[in-house]
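So this first bit is one chain, no partners, the form predicted on its own, shown in structure tokens.
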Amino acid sequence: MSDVFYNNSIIQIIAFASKRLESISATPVLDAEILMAHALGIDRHKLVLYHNTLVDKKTLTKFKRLLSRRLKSEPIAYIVGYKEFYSLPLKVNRHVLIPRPETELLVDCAIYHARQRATILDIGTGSGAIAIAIKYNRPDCSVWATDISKDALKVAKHNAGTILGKHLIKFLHSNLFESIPTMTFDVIVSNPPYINPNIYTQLQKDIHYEPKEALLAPDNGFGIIKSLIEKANNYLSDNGTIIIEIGEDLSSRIQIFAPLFNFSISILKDYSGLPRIAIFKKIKNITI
């Protein structure tokens, strides 16, 4: 790193770092502020109190190390070790997908569709973001969460214990429904892998740091969602709902496929106007 960082104030160092980050980040100033706050061990909003303070050598060395990682396109969340989701601070590492703001819409839908004291299943929980946010906001509900990755479940259990307290969510090591006991759920939610492997190399470099198994799905991204739809009826209560985050290119396939398994389907758009959340409701059989 250049000596330009030495003997400068926090605000000057952030400005220098932001300039370097412009080539790899859409939010260079925010990134630089988050890294500086992390190096100082303070909340980002407190930086304004120390703008003109000179940075000591130890802190500067730590900041430069963090900045070096970000300049290699490593996601900010992995560098600082946490990500805020639904106003909750979640530990994250390379074993789990980084929670995205658009996934908060899935939580909104789950909270809305869950009746009082509902039983809810989160498939592919990763960091536990969805399950924890639901339980935090709907403590009346019984929440189960699964993941195929044991390493991911360790992160999810840590987050649940820190935010909610131990044993308030039932975690299971499972590939989709494989290890789920014989029971039904009122709401099943999932943010499954849905990226087409054929476009993986075209994705932003920072996404390549995240676990492939949490991103990519066969059949042009439809494979995991297809399995969820095919098997969900065995685990869904009569008035149950399935809520799945989807890729914007999968909307038409889902609308064709869902009725084959006795589901009506609604597609909600995210805040960018893209198809993002698929809501499946069982079609009631009418007897005459």
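Keep in mind it's a predicted model, so treat the numbers as computed, not measured. Quick note: we count residues from 1 along the sequence shown, nothing fancier.
One more form of this protein exists, namely the form predicted together with glutamine; it is left out here, but the text below deals with it.
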Listed residue (168, 148, 80, 207) with a non-hydrogen atom within 4.5 angstroms of glutamine in the predicted bound form:
207
Could you spot which one of 180, 164, 153, 195 gets a heavy atom to within 4.5 Å of glutamine in the predicted bound form?
195
Since the chain is shown here on its own, which stretch among 113-121, 169-177, 132-140, 92-100 would lie within 4.5 Å of glutamine in the predicted bound form, judged by heavy atoms?
92-100
Does any heavy atom of residue 245 come within 4.5 Å of a heavy atom of glutamine in the predicted bound form?
yes
Just checking whether residue 76 would be counted as a contact of glutamine in the predicted bound form - the rule being heavy atoms within 4.5 angstroms.
no
Within a 4.5 Å heavy atom cut-off, is residue 214 in contact with glutamine in the predicted bound form?
yes
Can you tell me whether residue 191 touches glutamine? I mean in the predicted bound form, with a 4.5 angstroms heavy atom cut-off.
yes
